[in-house]
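Before any questions on binding or motion, here is one chain by itself as structure tokens, the form predicted on its own.
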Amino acid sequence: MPWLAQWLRRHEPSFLIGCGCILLILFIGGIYNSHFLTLPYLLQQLQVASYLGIVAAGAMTVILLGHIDLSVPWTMTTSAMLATGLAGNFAHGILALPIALAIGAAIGLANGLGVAYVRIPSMIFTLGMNAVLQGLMVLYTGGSAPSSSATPLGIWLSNVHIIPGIANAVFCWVAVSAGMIILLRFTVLGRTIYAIGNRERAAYLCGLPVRGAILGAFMLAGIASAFAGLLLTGYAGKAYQGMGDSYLMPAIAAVVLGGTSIAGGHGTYKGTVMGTILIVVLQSVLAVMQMPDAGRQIIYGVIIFSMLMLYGRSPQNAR
């Protein structure tokens, strides 16, 4: 079939391997439980993937630079807790969205300033930022669970179904994905991010706005994490401490499994979408198989390492 051969040539090996793994995992899940392949269950998993996918979109902009953002967990938590606490139910909580995005942008700006201007390694600075945010939220809540419930806006964005069966969170992910594709393909910022990831010094000597691009990428990562945190409050019904802890490693794994080089400079957003779906489907099938938590972590890690070994040393990713 010529059309199939042409389609295969257009996509990178990492993307094709990931798609094959998704189909294999779905097949295995269907064997263990026929309910796994029903449309309602798959749509529910797509909603779960939306939160991780939005976080991964922001993480990708930073990883393309050759940096990493380890402040994701408490950026999500801080933005969600402050937004729900400050906005409350005033005007149906409509202020929660701009408050959350502003907080995420401020955290990203601080990260970007530390990396671009102070020249502190991103892993160190963002890890420190994560600890600072955690401490601030402990002070804010007095060490107890916050009483702020999800705002009506957060519930509507996350759980309401404009189209029957498809949660609004999925459309939020689609909107973020469209923005990411436009950013990376058609904007100066997107091209500068790729150039910095390939060789930062060369990008600087070419006159590209290196520091501005680093600031922009970290701010986008902060905004994406904050947005995902607000959506997660609508899904869980409230903001709570540690709500972002389970999103850091899966988000990084989704980006890397999608073919983005951890050293920066190479990667496509469709790969990140594929990696997100792969992570969520894998987690779901392990739950369906009633695998103990220790077994889940082992299988989860083995599959990630196996896929990285398959294409992580490809010519495009070799530096």
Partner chain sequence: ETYAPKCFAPLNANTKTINFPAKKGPYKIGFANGFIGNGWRVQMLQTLRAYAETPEMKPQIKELRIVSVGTDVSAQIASMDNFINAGMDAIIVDANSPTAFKPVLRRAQQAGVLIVSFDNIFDGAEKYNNLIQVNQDQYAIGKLSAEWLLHNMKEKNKILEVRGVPGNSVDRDRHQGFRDALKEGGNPQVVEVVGNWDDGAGQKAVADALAVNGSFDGIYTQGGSIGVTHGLLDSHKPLVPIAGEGENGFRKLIASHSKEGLLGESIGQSPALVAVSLKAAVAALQGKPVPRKSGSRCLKPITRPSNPARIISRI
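Note that the structure is predicted; figures quoted are calculated from it, not measured. Residue numbers count along the first chain shown, from 1.
The same protein also has a form predicted together with its partner chain, omitted here; what follows describes it.
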Open item on the list: Since only the chain is shown here, I'm wondering whether residue 287 would be in contact with its partner chain in the predicted bound form (any heavy atom pair within 4.5 Å).
Closed with: yes
Task: Any non-hydrogen atom of residue 48 within 4.5 angstroms of its partner chain in the predicted bound form - done: yes
Open item on the list: If we define contact as a non-hydrogen atom of the residue within 4.5 angstroms of the partner, is residue 237 a contact of its partner chain in the predicted bound form?
Closed with: yes
Task: Contact test in the predicted bound form: residue 138 vs its partner chain, heavy atoms, 4.5 Å - done: yes
TODO: Given that the partner is absent here, state which listed stretch (167 to 175, 215 to 223, 242 to 250, 99 to 107) has heavy atoms within 4.5 Å of its partner chain in the predicted bound form.
DONE: 242 to 250
Task: its partner chain in the predicted bound form - contacting residues of 23 to 45, heavy atom within 4.5 Å - done: 33, 35, 36, 41, 44, 45
